[in-house]
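The data below hold one chain only, encoded as structure tokens and taken in the form predicted alone.
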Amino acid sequence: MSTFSRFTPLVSSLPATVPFVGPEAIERGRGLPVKARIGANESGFGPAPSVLAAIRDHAAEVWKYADPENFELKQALSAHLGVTPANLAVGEGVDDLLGLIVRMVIEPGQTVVTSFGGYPTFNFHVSGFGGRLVTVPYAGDREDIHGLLDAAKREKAPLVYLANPDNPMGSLWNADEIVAFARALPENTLLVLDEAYAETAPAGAIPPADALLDLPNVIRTRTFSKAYGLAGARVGYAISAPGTAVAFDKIRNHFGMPRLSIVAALAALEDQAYLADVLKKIVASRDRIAAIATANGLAPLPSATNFVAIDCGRDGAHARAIVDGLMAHGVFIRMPGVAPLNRCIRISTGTERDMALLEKALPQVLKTL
């Protein structure tokens, strides 16, 4: 296959990579309709009716670009979080913000520390900017903050990534431990603290939004994709010291935020009653997933997210067979990508209909195996 001859050496050396194979691709490839979409950690409960009404009310304005300064959303987030607008940066989902952070900090050949088996899209960005990944194994099925700290110091790494709560295992560290970890890092090591699941975490797991603002080497990333049900809108934001937050303005796409996504995020922030109701549904669905797993001889792991990791008791091949078998029944789930985490499958919370399909299909799949 012919290719353009003037790609950079870095781009030419990289494989074409899709960090996550979407359910749409599986439907196309296998000719199987997805009946229960419980694999991508979206919110099957959807956004609030008030959010949908706001989108409808503003749909005619879609011909306009959004405010490139994201002024209104920053004001709303500032009031909601108890920080100043100067502490905030807005982007097209956490994935976009992670790419910008790597671009801001990493030059080709520089070291980035992360967990082995952690969020693969972050690794994708590191490779895309020529960084060198140094990974630390999970300890007891959660990210090893002590190992990450040791590796960051040993490697003199400019960047370290930690998700709390964690994806793909759903585990967490409490707020005091996270703050201690951040303060123990060298001043010239930037911490990306990914808090995509902040809303679903129990009280005491997430430091207050203003807890680390005195540290210019900490950026916390959050999203409207999970509990707020706006994954398709792509709205993320970063919390950091003002001098760090303003760095995003040097390289971000200033017209990247869709206007209707901003409308949706503003409406979602206003409807905290709906969020509280969704969080109750997520807890109930986590319990339901755990009960279904246990009834089938599998071991659900404790989760602080909107998904449950389930230990299938064998190896990655066995877990993959369960994933593929459920898809044959129209139930889309995922699994961690590397051993020993890939002995598990991962199931997102969902509606009662989703849970009923899972409950019916899982024992049939296990019986065939």
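From 1 onward, residues are counted along the sequence shown. Keep in mind that what you see is a predicted model, and the values were worked out from it rather than measured.
The next section is about a form of this same protein that is not shown, the form predicted in complex with another copy of the chain.
In the predicted complex, no residue of the candidate spot (Y138, A205 and A273) has a heavy atom lying within 4.5 Å of another copy of the chain. Not displayed here, another copy of the chain is approached by E69 to within 4.5 Å at the level of heavy atoms in the predicted complex. Remark: E24 counts among the residues lining another copy of the chain in the predicted complex, judged by a heavy atom distance of 4.5 Å or less. Another copy of the chain is not drawn, but in the predicted complex it has a heavy atom within 4.5 Å of N253. At a distance threshold of 4.5 angstroms between non-hydrogen atoms, D249 is in contact with another copy of the chain in the predicted complex.
With the partner omitted here, the residue from D144, E199, E177, D96 that has a non-hydrogen atom within 4.5 angstroms of another copy of the chain in the predicted complex is D96. In terms of contact with another copy of the chain in the predicted complex, the residue from N123, N87, S115, N217 that brings a heavy atom within 4.5 Å is N217. You can rule out all but one of 76-84, 237-245, 177-185, 275-283: in the predicted complex, only 237-245 has residues with a heavy atom within 4.5 Å of another copy of the chain. If you take 90-104 and check each residue for a heavy atom within 4.5 Å of another copy of the chain in the predicted complex, you get E92, D95, D96, R103, M104, in sequence order.
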